[in-house]
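Next up: just one chain, as structure tokens, the form predicted alone.
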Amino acid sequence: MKIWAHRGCSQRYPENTLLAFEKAAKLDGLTGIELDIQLTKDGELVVIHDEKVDRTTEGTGYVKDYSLSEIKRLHIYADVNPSQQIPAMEEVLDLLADRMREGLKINIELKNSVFPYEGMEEKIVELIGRYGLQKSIVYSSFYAISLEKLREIEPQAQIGILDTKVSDCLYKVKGGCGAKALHPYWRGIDLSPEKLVGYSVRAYFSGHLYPEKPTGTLLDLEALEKQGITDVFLNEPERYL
């Protein structure tokens, strides 16, 4: 079973921050880190999951209505650690590029199923190309048309399609989005393992995020593997490595 850090080490540290990514990158045996990108109103790529800044910062409103300089003024509480900011994607690459060249992968989820950010695909492919990290990236989205566009821009891109049920992921793949990996919710494995052969099946979870208290229970990875799941995105990857 391959272990990915979901939004970094997001149980112990604030999700999608440089702190959470730095901690994840130090884990031996970690396959990769998952993160989410959106666009500011001045067209800059920033790393944040929600379309609004309300849950993770002291600010309010949509990411798309902030400029990069405005969004960088917001603070993310980090307990005993210095407060964090919403990072630009370029900052994340500056932090992780060396580890990526050593084998660490990054799953970039394009958060464009609510707001179809114009030009996001071109911007992220250009940025990754500038760093020469194309082989270290997996792109994913719930929005199949976006992945189809990304494939046209970067034919060799590694692509994973997101949905709740694995059958719906497969349906989107057959629709032509070009994905070679299925990214379903872990409770959405509604096909037999035989029908998933040939695909990477990377399951995502809900789980607890910082600063919520963890339940203390551990997943049975062997049971998940028997369902055809090959990879898991976890908030507490350090507990499984």
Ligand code: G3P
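Not measured: the values here are computed from a predicted model. For every residue, the number given is its place in the sequence shown, counted from 1.
The protein also exists as the form predicted together with this ligand; that form is not presented, and the subsequent description refers to it.
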ask   = What is the one choice in 106, 71, 147, 162 with a heavy atom within 4.5 Å of this ligand in the predicted bound form?
value = 162
Segment that reaches this ligand in the predicted bound form - one of 174-182, 34-42, 190-198, 63-71, heavy atoms within 4.5 Å = 34-42
inquiry  = Please tell me whether the candidate spot formed by 4, 26 and 99 is one where all three residues come within 4.5 Å of this ligand in the predicted bound form (heavy atoms).
reply    = no
key: Heavy atom of residue 13 within 4.5 Å of this ligand in the predicted bound form   = no
key: residue 233: touches this ligand in the predicted bound form, heavy atom cutoff 4.5 angstroms   = yes
query = Are any of the heavy atoms in residue 117 no more than 4.5 Å from a heavy atom of this ligand in the predicted bound form?
reply = no
ask   = Can you check whether residue 131 is within 4.5 Å of this ligand in the predicted bound form, heavy atom basis?
value = no
